[in-house]
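The chain below stands alone and is given as structure tokens, in the form predicted alone.
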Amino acid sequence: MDLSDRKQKILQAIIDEYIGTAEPVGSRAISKRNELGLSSATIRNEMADLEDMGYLVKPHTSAGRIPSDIGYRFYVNSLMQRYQISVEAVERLKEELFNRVNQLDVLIKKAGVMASVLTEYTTVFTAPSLGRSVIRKLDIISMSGANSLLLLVTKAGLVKNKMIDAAVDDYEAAELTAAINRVLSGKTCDEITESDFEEICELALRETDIDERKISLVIGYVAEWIRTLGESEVFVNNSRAILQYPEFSNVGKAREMLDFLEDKDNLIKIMESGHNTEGVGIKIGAENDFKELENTSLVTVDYKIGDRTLGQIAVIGPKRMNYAKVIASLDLISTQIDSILKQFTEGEG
């Protein structure tokens, strides 16, 4: 059944009020909105109709009403007003993201943090795979103590690094670096095979006096790391943000949600379920695939280069989240990431 213009305005007013207060909304609160120009009695009758139609529900302990999942869905699809992010927030975001953007992990983690700051909700985000990136060089750097640093630079200038539990001196680091780059430079991570690492070990054994066990140890770490670069990483930021909302004041619900968000496999499934090829994806309450998210909403956006999706950013919050603000924030962040990554892709050639 189509909603009349008056019912739509009342539903919008109720949801806007509930988003701000988290308290069931009564007809009196809505009647005070001058723009409606309706009596409390008229609003009360319309609210009863909206409840019968499934757009509102009435908590047992209150005379007021709250939106149902159907009500939120209609609001998001048809009633929500466009949110304008402040110029200051936009400039701060650009400044944060464009600082040291050659470090891919730093870029994506900054984007996840900024999404949480802008929306005030928990964020989940995936870093893009480097499987198709061309390796310019891979350096081994001698560190003090029992560790060494692996530093990978792609043709476009993206940087990844990893500490390994293997000590090398300056000579060993330089010789192993040379052997690695003779074999791997110019290849993509996806193209590299086990035979490439065998060739590196043979080069190092034949042309240096480095102990064979140390060669095998270090090149083993390199091989393991290269394999993981073809996989997307998933991160969560500000997981406890959701606990500040009254919907999760129940200790049991709060613990269940935190346990769920601390499981990496769950985070991967969340991102897969929220994947949406057309702009911003929104799943409300029971629309989510997981029981743990039935009292939350999940808003996701892809960041891309052309038609190629590289990763996602998601916001998890209560069903009464400020959808307009969340959507505007994610759209802005994904646009900025797209712009930065496009520059790198052009560098890859």
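Don't overthink the numbering: it's just position in the shown sequence, from 1. For clarity, every value in this text was computed on a predicted model and none was experimentally measured.
Unshown form predicted in complex with the DNA; subsequent notes refer to it.
The partner is not drawn, yet in the predicted bound form one stretch among 25-33, 317-325, 296-304, 280-288 has residues with heavy atoms inside 4.5 Å of the DNA: 25-33.
In the predicted bound form, at least one heavy atom of Arg6 sits within 4.5 Å of a heavy atom of the DNA. Shown alone here, Gly64 lies within 4.5 Å of the DNA in the predicted bound form, counting heavy atoms only. Contact between Asn45 and the DNA in the predicted bound form is found at the 4.5 Å heavy atom cutoff. Among heavy atoms of Leu50, none comes within 4.5 Å of the DNA in the predicted bound form.
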